[in-house]
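So this first bit is one chain, no partners, the form predicted alone, shown in structure tokens.
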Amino acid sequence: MKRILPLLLILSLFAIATGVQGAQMECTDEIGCVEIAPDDPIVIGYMLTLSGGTSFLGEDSLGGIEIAVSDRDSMLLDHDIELIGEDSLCSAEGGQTAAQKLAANDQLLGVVGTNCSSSATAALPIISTAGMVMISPSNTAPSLTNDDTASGGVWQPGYYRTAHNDLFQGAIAAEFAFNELGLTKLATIHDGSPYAEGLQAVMADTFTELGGEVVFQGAINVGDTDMSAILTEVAAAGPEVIYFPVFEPEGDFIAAQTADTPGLEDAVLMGADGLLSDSFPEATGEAAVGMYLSGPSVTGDEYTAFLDKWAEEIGGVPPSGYHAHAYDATNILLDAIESVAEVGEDGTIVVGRQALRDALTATADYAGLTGSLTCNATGDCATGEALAIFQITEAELEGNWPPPVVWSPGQDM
């Protein structure tokens, strides 16, 4: 015994000196923990559409993420923040592949993304099963935060978004068209995606509730370039307003070809945030002038300061409308990590995965660039307050961006 006790004492002292005690902090989280060694980084990821016709959305969000990390000097809890990412495209296949790659990294705490709701629908089951969290800056499909599968809901634990729910955006678009423009006959076109199909449905339902008539609802396919067939059908229905919440390039073709379709010369064109990109007016040409777009609108001194950082750190102006939402999403995620992390004497960090989800769900009255954010049980954190109607002018054809806001909820024209 005289020889064993000193040996145990030596081993104990060695454990303290080398940080083993800190590295063996007990994990009691019900779905597991991420343990980060003293010299290892805190890893967060992104899934964004970074190639193809919707790359402007990914570039826009990535800038917001990078500025949020830069604001913290790329450090959290005295550890480096490591940012890793995958291109989720704007498709179910892209979302599934990106999620599989990121979920394979057991050090990854959470993901900012996706941009497109179709990608999120495919990615969410993978991210949720892995015990991770996913907070989106621009998913807007109502189904993503709907936990009623019988009505089409696809929500799963671990999902959050700082973007508005399209239950808000569709209603605002309908109110503007019916109450402010005095239009009573609506046609809608979608592309079959969860985003576009869901948004046009809300627009149509609200328009009808207000007293308007929906004269046509139809769909194109992603990748279509010739829109003459569906536009001929639309013209035969006699709409006063055509609402097509789709992405580029399909939205470019619809707008441009409407101008050449007999019977649609006087129809008012409306799109949504999928076309709120600086490339849309340039690609569409004169047919875009006068067109209305519903989408995110952020103002205030803090947002102005953010734009100054963008100009300095990234250059130019953000190409789309969800950069501030990405900034808020990243900060909410990092704050939640910080709030639940257990830190050992040697600097080892243990983060419980369920604890992280609980912290995100408990987010309340968060003062973000996009307004006051409070997350509900299925991950909706925004109220729709950062929404408005924009109108494309000749200036946007010449490089001005963003277009002017012409109406926001609670404002008369």
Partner chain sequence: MRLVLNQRTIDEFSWVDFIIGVLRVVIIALIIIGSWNTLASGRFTADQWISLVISGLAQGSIYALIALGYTLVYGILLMINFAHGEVFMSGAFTAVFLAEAFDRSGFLNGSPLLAVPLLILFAALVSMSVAILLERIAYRPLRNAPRLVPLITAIGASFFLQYTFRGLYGSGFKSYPTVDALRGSFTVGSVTIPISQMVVFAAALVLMLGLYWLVERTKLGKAMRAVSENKEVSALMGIDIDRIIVFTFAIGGALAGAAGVINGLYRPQGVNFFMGFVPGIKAFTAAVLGGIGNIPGAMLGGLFLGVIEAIGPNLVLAGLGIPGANQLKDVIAFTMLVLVLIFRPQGILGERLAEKKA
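So that the term is clear: the rigid core is the largest set of C-alpha atoms that superpose within 1.5 Å between two forms. Numbering follows the first chain given and starts at 1. Just so you know, these numbers come straight off a predicted model, no measurement behind them.
The form predicted together with its partner chain exists for this protein as well; it is not shown, and the discussion that follows is about that form.
Partner contacts here mean any heavy atom within 4.5 Å of its partner chain in the predicted bound form, and among 78-86, 171-179, 337-345, 187-195 they occur only in 187-195. By the criterion of a heavy atom within 4.5 Å, Ile349 is excluded from the residues contacting its partner chain in the predicted bound form. Looking at Glu209, you'd find every heavy atom of it more than 4.5 angstroms from its partner chain in the predicted bound form. Among heavy atoms of Asp40, none comes within 4.5 Å of its partner chain in the predicted bound form. Proximity of Gly153 to its partner chain in the predicted bound form: non-hydrogen atoms within 4.5 Å are absent; the residue sits far from the partner. With the partner omitted here, the residue from Ser372, Thr28, Ser51, Ser70 that has a non-hydrogen atom within 4.5 angstroms of its partner chain in the predicted bound form is Ser51. Of the residues given (Thr149, Asn105, Ser228, Thr129), Ser228 alone sits with a heavy atom within 4.5 Å of its partner chain in the predicted bound form. Taking a 4.5 Å heavy atom cutoff to its partner chain in the predicted bound form, none of the residues in 105-142 make contact. Relative to the superposed core, Gly198 undergoes a C-alpha shift smaller than 2 Å between the shown form and the other one. Fitting the two forms on the rigid core leaves the C-alpha of Phe247 displaced by at least 2 angstroms between the shown form and the other one.
The Cα position of Gln257 differs by 2 Å or more between the shown form and the other one after fitting on the rigid core. A shift of at least 3 angstroms brings the Cα atoms of Glu302 and Ser279 nearer to each other in the predicted bound form than in the displayed structure. Panel note: the distance between the CA atoms of Ser279 and Tyr303 is smaller in the predicted bound form than in this form, the difference being 3 Å or more.
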